[in-house]
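Below, in structure tokens: the form predicted on its own, a single chain.
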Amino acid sequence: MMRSYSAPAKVILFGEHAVVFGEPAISAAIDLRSRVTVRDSAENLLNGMPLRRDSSPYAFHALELTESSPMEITVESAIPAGGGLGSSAAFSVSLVASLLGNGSPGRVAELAFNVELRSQGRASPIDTSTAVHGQGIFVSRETVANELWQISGPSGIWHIGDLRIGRMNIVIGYSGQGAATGPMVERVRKLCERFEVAREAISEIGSISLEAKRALERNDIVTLGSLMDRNQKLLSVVGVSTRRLEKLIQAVAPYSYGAKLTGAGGGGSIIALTDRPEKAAGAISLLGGVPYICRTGETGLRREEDEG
């Protein structure tokens, strides 16, 4: 038996970190993908090496949650690890789908979220739901229009809704500095426990997500860019931006409607909404970052092949 699925990377346009505290967030799938192939095996292998829980928690928990027999797992990915682009979510979604073979999108999203939760200690379903659905999603604690599914977590229920995001040019600037999601999420949690200004920033980020949803619905790129800039200032307040990320944001500013970090922060990547992608990419390269010129509107989880 052999099965293969792929899933896209994502950019969180608005709401990272705040979504973990129950605020709404918006995410879009982009045209970078991760592909996973599974085959029956005498032992669990990942890219030819014995699978270990401490070094490969996502694969370990995916096998555990799907109650799978031993598998040989092969991963091919164009998504930079630690780049804030949902590399672990795309892997988890592709792997869970490959192991299940016939799981519904909602079931795959739920299981993959729990893979992330067990591996990171704290997570939201935004990355995994985007990897499953593709296009764009809106995540909220309240009932949403065009609801796709609901996912329950330790802190409550998230409602996942389809959000039609057209083809937009997004330039990603990978800082070259990887950052694990779990520690950054914990850092923000501790900051919010201690300081009112951090809690207020998280709440305002949620309000910006609601404004951005309305701007997307009327295709108002200028307002979206302004909201991205506001979102970035608040992410700096909660301590997840870095000097390196700020320099990249400043470099793309002349060529962009707006720019911000995406994902957990502490490293990873920035995103710029632009109609001059080559100029923005060049500015990133001049600072030693790695640019990716991408477009939103990528399809979600898909089966690549199914043999045996």
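Treat the numbers as computed from the prediction; the structure is a model and nothing was measured. All residue numbers are counted from 1 along the displayed sequence. Between two forms, the rigid core is defined as the largest C-alpha subset superposing within 1.5 Å.
Here the subject shifts to the form predicted together with a small molecule, a form of this protein not shown in this document.
- Among the residues 59, 30, 273, 264, the one placing a heavy atom within 4.5 Å of the small molecule in the predicted complex is 264.
- Residue-level contacts in the predicted complex: of 124, 130, 98, 92, one residue has a heavy atom within 4.5 Å of the small molecule, and it is 124.
- The small molecule is not shown here, but in the predicted complex it comes within 4.5 Å of a heavy atom of residue 20.
- For the chain shown alone, residue 84 is a contact residue for the small molecule in the predicted complex, at least one non-hydrogen atom being within 4.5 angstroms.
- A residue is said to contact a partner when one of its heavy atoms sits within 4.5 Å of a partner heavy atom; residue 185 meets this definition for the small molecule in the predicted complex.
- Contact between residue 12 and the small molecule in the predicted complex is found at the 4.5 Å heavy atom cutoff.
- Partner contacts here mean any heavy atom within 4.5 Å of the small molecule in the predicted complex, and among 242-250, 256-264, 274-282, 62-70 they occur only in 256-264.
- With the core held fixed, residue 182 shows a CA shift of 2 Å or greater between the shown form and the other one.
- With the core held fixed between the shown form and the other one, residue 20 has its Cα displaced by at least 2 Å.
- After superposing the rigid core, the C-alpha of residue 238 moves by 2 Å or more between the shown form and the other one.
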